[in-house]
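Two forms, one protein chain; structure tokens for each follow separately as structure 1 and structure 2.
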Structure 1
Amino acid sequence: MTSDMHLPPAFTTQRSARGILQWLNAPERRGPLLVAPAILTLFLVNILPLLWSFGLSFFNYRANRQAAPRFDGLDNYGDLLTDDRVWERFVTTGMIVAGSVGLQLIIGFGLALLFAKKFPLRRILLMLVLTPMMLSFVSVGIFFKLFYDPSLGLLSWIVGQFTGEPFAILATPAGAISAIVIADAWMWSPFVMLLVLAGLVSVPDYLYEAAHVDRASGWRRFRTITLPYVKGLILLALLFRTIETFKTFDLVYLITAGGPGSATETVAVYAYRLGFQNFRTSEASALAYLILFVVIVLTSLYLYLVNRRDAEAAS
């Protein structure tokens, strides 16, 4: 019985529940054991379908045809990478991500500084700022489209008070992109704020007191005391907001439908059109993996930069 030798003693010598528990409870298995349920869930519900569409991206398959999928190698990737429309969509998405995530960091940080101090009514006022991210994309998209309407919208009405002219922000490509950025940044700045705030309130008081004694300047205090405490959380905010904004779909679809022309069409919208409207199912999967690649590069870059600075600080 050679096979028994590879099994842990708990299974071979005594198959009691207690033995298994003991085996599981060994310190060296603690990590894998605690991680397993999460990884298993992710694998079943998320990674498996991802692999399926990854496989599909190498085939020629259309969901609206009865023909069986045909292996196509890297053709889909080649077609996409040589298509100007795809590059254009990546640039558009890049502009929206840069604009929106940038704004979110600035506004979020500003709001967090404002609410880091204690003051009367702080809890209620904080709730006011938090509500935008509690809305669904559908609600925000529909209402911002109304706000942007040149005849019935609040924005045009407010601008009209000064200029006397209706204001059609969605009429130009630049205007339409800023309209999307404004809606997205408004909705998600509270997310950044909450993360930064969680960091700010955990800075121990005595550090500031010590700095006060040292008569350190405001900027220096910020850089040496505050920033280290919120840096990890800012990175987290940056990571998740970049990932989420890269997927921007509903806001664009509802507010501009990608217009004027294709000026606001993001890669997610384009992937939707490819897959769900043009039925180029495998091409859409390939585009999804191009998106994944870009986002991975971007997020790795963030992580690399932060780690390098950590290493510098430690040395």
Structure 2
Amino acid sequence: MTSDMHLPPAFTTQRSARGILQWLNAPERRGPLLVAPAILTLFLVNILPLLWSFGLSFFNYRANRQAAPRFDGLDNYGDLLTDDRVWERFVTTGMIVAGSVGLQLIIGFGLALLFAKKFPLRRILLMLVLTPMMLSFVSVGIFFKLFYDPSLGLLSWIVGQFTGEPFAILATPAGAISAIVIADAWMWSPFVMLLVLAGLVSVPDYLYEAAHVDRASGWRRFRTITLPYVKGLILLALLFRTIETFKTFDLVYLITAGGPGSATETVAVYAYRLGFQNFRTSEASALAYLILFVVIVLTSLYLYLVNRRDAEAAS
């Protein structure tokens, strides 16, 4: 202690820095130090805004007012759950999810069966089929907005060749919902195809050869050989696409902006209008967490189905 008091301050500082570096470079601390920047970034970018918005959902606060936030408890959640407009948006979202995901599964499975076989130009056609899922939401939304245009759109021109009149598919609620379902299915059916195709190409050939020797029908081969290999991947595709379609915002906002009226206004679009157009910030945060709750329920349901499938396979 006495010897350190007679050392120059610069030498003492240098030795302290060397001691800190030795402490940090210890083998037992290298692992945590390597992941520390990633954890810090995750906290600042994801966790901190998540906690802030969750706390904000319990207050009465509007971004366009300078009044201090007032704690309201669960009032925002209660108001949303008793609001008929919110339930209408959930019903609209459910219709779009059911139609889009169902169409994606049908088209994706059919494409997977097609590309599971080898034929000329297979690789080139596969790249073309995968192109839609590589495009941005903005480009797809603008493309279908122009495609559905009643005066310049290709769809209106095709229908007009038979009817002699312009065709405005976005003018009716049923037509607008169908337009969004078609656009979303066109973009994401290749994703479903990739997952199912991964399962189809993993089926051993000797199983089909044995079934052919046993003269099993095509339906029996599909039910006992093909389906068990792709069932898990189909459920995975169903989960991913259900969650993403449930949160869909870009395509709806670009193609219909929620119209006509509020016929295609999904719950995500409604949350956007609450928060950024009506400045009901706390209610928009609460609605976002209701959406998160639905997503968690869907994920739990998927895990339950997977665990039950594994238990049936083990028994």
Partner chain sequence: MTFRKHNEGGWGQTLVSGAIGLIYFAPVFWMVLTAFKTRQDALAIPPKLFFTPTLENFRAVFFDTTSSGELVATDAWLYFVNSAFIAGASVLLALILGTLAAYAFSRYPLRGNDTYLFIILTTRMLPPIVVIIPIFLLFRLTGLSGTYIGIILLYTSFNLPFSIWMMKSFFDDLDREVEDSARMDGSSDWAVFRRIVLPQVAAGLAATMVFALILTWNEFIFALLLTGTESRTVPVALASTVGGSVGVEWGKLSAMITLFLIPVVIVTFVLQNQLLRGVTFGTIRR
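All residue numbers here follow the sequence of structure 1, with the first residue given the number 1. Basically, rigid core = biggest C-alpha set you can superpose within 1.5 Å across the two forms. Predicted model, so just to flag it, every value in this text is computed and none were measured.
Given these two structures of one chain, say which is the form predicted together with its partner chain.
If we ask which form is the one predicted together with its partner chain, the answer is structure 1.
Taking the rigid core as the reference frame, tell me whether Gly261 has a CA displacement of 2 angstroms or more between structures 1 and 2.
No; Gly261 is a residue whose C-alpha shifts by less than 2 Å between structures 1 and 2 when the cores are overlaid.
Quick check on Phe43: with the core superposed, does its CA move 2 angstroms or more between structures 1 and 2?
Yes; that C-alpha moves by at least 2 Å between structures 1 and 2.
Can you give the C-alpha shift of Thr299 between structures 1 and 2 in Å, rounded to one decimal, after superposing the rigid core?
A shift of 3.1 Å.
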